[in-house]
Structures are given as C-alpha cells and as structure tokens.
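Let us start with two forms of the same protein chain, each given on its own as structure tokens and named structure 1 and structure 2.
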Structure 1
Amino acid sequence: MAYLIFSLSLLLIYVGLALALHVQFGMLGIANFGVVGFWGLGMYAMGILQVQLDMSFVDALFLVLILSVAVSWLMGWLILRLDPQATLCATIAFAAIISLLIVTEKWVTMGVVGLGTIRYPFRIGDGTEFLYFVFLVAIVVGLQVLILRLHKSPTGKLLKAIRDNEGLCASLGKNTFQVKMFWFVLASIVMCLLGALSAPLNQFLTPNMMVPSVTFAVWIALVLGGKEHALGAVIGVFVTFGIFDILIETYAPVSPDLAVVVPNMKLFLYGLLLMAVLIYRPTGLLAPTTPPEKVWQELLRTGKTAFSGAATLTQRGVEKTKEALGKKSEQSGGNDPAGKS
C-alpha cells in the first residue's frame, strides 16, 4: 500500500510537470527540453536548505520560490528571443548544467554520495504519506482548474495567437516578448516547486535522479495526450506512466522468468504507441477542439484508432522481418557453389 501511494504521488508530480509544459509548449510554442533541470533545481534546493541549513519545510519552500523566480527569469531573458531550435538546445544545456553542478559541488550537494533525509512538512504517524498524497492531489487539481479557465479566457486566446503567428500579434500592438516571459517564468516556477515537493517523497536525493528520461517522459505524455488540449497532459501521463509504469510494470502478474523482459517491453510499447498516435492522430489522443464533456467518447474513438494503428505497425514489422530473412536465406543458398545447403 505504501508503494502504491508513493507511485501515485509521483504520478501527480508528472501530471503537474506536464501541465506546466502544456502552458509553455502547447499554448505558447516554447520548446522547453530542460524540464528535468527546473524540477531538479527545486528538488535539490529543498534538500540543501533542509539538510545542510536545517530549515523548516515552509521556510525552505519560500526560498526555493525566490530562487526559481530568479533562475526562470534569467533563462527566459536568455532564450525567448532565440529561434525554436536554439531554444531547444539552450534548455537542454541548462538541464545538463544543473545536473553537472549537483555532481561537482560536493561541499553542498554531497555529490554522488547523496543528500538526505528530507522531511515531510508534517508528521502524523503512519498516515503521513497518504495525507501528503492528498495535499498533492489538491495542488494538481488546482493547476488543472486554472488551466481550464485559462483556455477559455482572453489571455489564453492571446497565448495561442502568439504560438500560431507571433509576428501578426506584434503588428497589432501586443508585447509578445513580455507575455511569453511572464508565462514561461510562471510555468518554470511551477516546475521548480513541484521539484521541491518531490524531495520529501524521495527523502534521499542522488544525481541519478537527474536523468533526461524525466524530460522525455513528460514530453511523450503531453504529445500522446494532446499538447493543445487542456486535459491532454493528464490523459497522457495516465496512459504512459499510469498504465505502463504502475499498472503493468508493478502490479501485472508476470512470472519471474519474464520479469527481466518487462522494462524493455514497456519501452517498446511506449515507442510503438507514440508512433501510432503520431502517424494516425498527430494532434494526440485529444484533438484541440474536443469539448471537456466529450473527452471520454473522444478517447475511446482515438484509442481504438491508435491501438489498431499499433497492431498494423507491428504486423508490417513482422512481415518486413520475414521478407528480409527470406532474402538472406536465398542469398546464402545462391552463394553455395556446391549446393550443399
């Protein structure tokens, strides 16, 4: 039960990261590939302030907020005038720098030895983890409600207009850089704060948590769910992390002989499903125009399309493999002058 609560809490953190990325990329078109950098910055800042400086959770969270504002504003000032490719490279470099600093600055991060133990903001015995899970649910639901309201507001329409044609918006008198800066900084702060909230969940921080797969998992979930839909991030995280990482990898009745294969099969199915969605449903499982009250009907319809597409891709792969093996066998037979084969 404790592991299930931990897994679901981690799932909520991923949902929050995907929602923040939805604002940056889905609504504004800013390709932020430094998600793990912002998340790790908040997580390690919380750990350092609690463990090295013995601060309380609330004081540490307040300082993480100030730090995240400064770093996010600096990143926005540096990258938001760049073209999309340069923005992508710059955000990847930012994540790499944060990861490198965590390893090299041993005097404060403890390097590869690790940093811990991170305390929860409250302690009520055996129910601490569950109460913290409820706390995370409230935060993520609040984020989702705010994004749903943002989509319907004039500000949301302005963000989408900047994403689709920034030059036209600028010609109409809109300060597009200022708008992009505000929302990029706000979404990055959310990523940092979610990192700070992840620290008590993990309790002991090590550099191997700062892996690019965190960024890739959030991106895959957002693209799969529907990057332009308000609920796409939530659906994408549940389909990827929820089904594959929690349900199948942890709770599916798999024999010990096949347990080694499960992680590789998970990655294979991840990729296959993503390819099928990108080929047969480029907008993701949820189209941008899907009304929230028709999400389930849309999911059932597009889910059938995606899974049938994945089956078709698998069948084509098998046929291609058989064809290649057949040609190789024929060539081997043709090259045998004595005809012994």
Structure 2
Amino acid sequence: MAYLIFSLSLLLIYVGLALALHVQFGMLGIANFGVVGFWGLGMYAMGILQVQLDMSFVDALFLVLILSVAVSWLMGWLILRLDPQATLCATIAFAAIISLLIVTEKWVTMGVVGLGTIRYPFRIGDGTEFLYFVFLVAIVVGLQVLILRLHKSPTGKLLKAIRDNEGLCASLGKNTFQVKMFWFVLASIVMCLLGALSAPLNQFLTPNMMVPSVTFAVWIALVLGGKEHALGAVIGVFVTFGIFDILIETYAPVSPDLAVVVPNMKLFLYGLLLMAVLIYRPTGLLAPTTPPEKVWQELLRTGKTAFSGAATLTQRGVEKTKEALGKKSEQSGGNDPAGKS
C-alpha cells in the first residue's frame, strides 16, 4: 500500500510535468527536451538546501522558486529565438549540463554517493505519505483546471496563434517574444517546483535519477495523449506510466529474472509507441478539436480503431505467411531445382 501511494505520487509529478510541457510544446511549440534538467534542478536544490543548510521545507521551497525564475529566464532568453531543432538541442544540452554538474560538484551534491535524507514538510505518523499524496493531487488538479481555463481564454488563443504563425502575430502588434518568454518561464518554474516536491518523495537523491529517460517519459506521455489537447497530458501519463510503472511493475506476476528486463522493455515499447504515434496519428489519442466532454467517447473510438487496425494487420500477415508457405510447399513438391528462387 505504501508503495502504491509512492507510485501514484510519482504519477502525479509526471502529470504535472506533462502539463507544463503541454503549455511549452503543445500550445507554444517550444520543443523543450530538457525537462529532466528543470525537474532535477528543483529536486537537487531542495535536497541541498534541506540537508546541507538544514533549512525548513517552506524556506527551501521559496529559494528554489527564486533560483528557478533565474535559470528559466536565462534559458528562455537563450533558446526562444532559435528554430525548433536548435531549441531541442540547446535544451538537451542544458539537461546534460545540470546532470554533469550534479556529479562533479560533490561538495554540495555528494556526487554519486547520494544526498539524503529529505524530510516531508509535515510529519503526522503513518499518514504522512498519504497526506502528501492528497497535497499533490490538489496541486495537479489545480494545474489542470488552470490549463483548461487557459485554453478557453484569449491568452490561450494568442499562444496557439504564435505557435502557428509567429510572424503574423508580430505584425498584428503582439510582442510575441515577451509572451513566449512569460509562459515558457512559468512552465519551467512549475517543472522546477515539481522537482522540489518530488525530493521528499524520493528521500534520497542520486545522479542516476537525472537520466534522459525522464524527459522521454514525459514527452511520450504528452505526444501519445495528444499534445494540443488540454487533457492529453493526463490521459497520456495514465496510459504510459499508469500501465507500465504501476500496473505491470507492481501487480503483474513477473518472475524475478524477468523483472530485471521490465524497465528496459518499457523504454523499448515507449520508443516504439512514440514512433507509431508520430507516423500514424500525429495528433495523439485526443485530437485538438475534441471537446472535453466527449473525451471518453473519442478514446473508446480510437481504441476500437487501433484494435481493429491491429487485428486486420495481423490477419493480413497470417494470410501472407500462409500463402508464402503454400507456395514453398508447392515448389518443393514439384521437383524444381530452382525452387529457392
């Protein structure tokens, strides 16, 4: 039960990250591939302030906020004028720099030894983890509500217009750079703060948490769920993280020697899923035009289509194999020496 609460809390962190990325990539078109950099910066900053400087949770959170404003603003200033490909490279480089610095700066981060223990902001005996989980639910629900409202507001429409045609928006007198900067920084701050909030969950921080797979998991969730739909992030995280990390890793009866394979299998399938979505259904499960109240019908319909599509493909494959086998047996039946061709 305690493990389930931990997994669900982590799932909420991922939903939050995917929502922030939805604002950056889905609404504004900024390809931020440095999610783990912002998240890890917040997490490690929280850890360092609490463990090395013995600060209280609230004080540390406040300092993380200030730090994240500075770093996000600097990154925004550096990357927001670049084209999408360059943005992607620059943000990956940013994440790599953060994770390298965590290894090298042993005097504050403890390097590969690891940093701990990070306290929860409150302690009420056995219920601490559950209460913290409720606290995270409140935060993520709050974020989701804000994003649903953002989609309906004129600002949301401006963001999408900037994504689709920045030159046009600029010609209509909008300061597009300022708008992009504001929302990029805001979303990055959310990522940093979610990092700070995941520090108590993990209790003990090591540099191998700072792997590109974190960024990748958030991206696959968003792209699969529907990057332009307000609810795409949540659906995507539930489908990927919910199925793989919670259902399979916790509940599926996997034998111990196979259990080692599961995380690699998961990333392999994530990659495959991402490729399939980008090639066959670029909008993801939820198209941008799906009205929020019809989300369930849309999901069911997509599920049915995907299922019947897969079934047809399998059937066709089976028929082709049968045909090929039939031909082969015919040829080997007649004593044709060139049967191999």
Partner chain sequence: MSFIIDAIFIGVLQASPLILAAMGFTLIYYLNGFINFGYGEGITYGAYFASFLNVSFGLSFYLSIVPAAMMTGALSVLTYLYVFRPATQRGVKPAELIILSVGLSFVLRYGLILMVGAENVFLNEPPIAFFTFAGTGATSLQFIALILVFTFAFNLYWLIYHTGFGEKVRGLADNPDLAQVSGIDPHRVSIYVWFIAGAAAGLAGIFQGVFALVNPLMGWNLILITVMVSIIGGVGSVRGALVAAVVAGILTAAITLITKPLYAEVVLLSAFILILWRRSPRLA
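Rigid core here is just the name for the largest C-alpha set that superposes within 1.5 Å across the two forms. Residue positions are counted from 1 along structure 1's sequence. Quick caveat, the model's predicted, so the values are computed rather than measured.
The form predicted together with the partner chain is represented by structure 2; structure 1 is the other form. In the core-superposed comparison between structures 1 and 2, the C-alpha atom of V277 has shifted by at least 2 angstroms.
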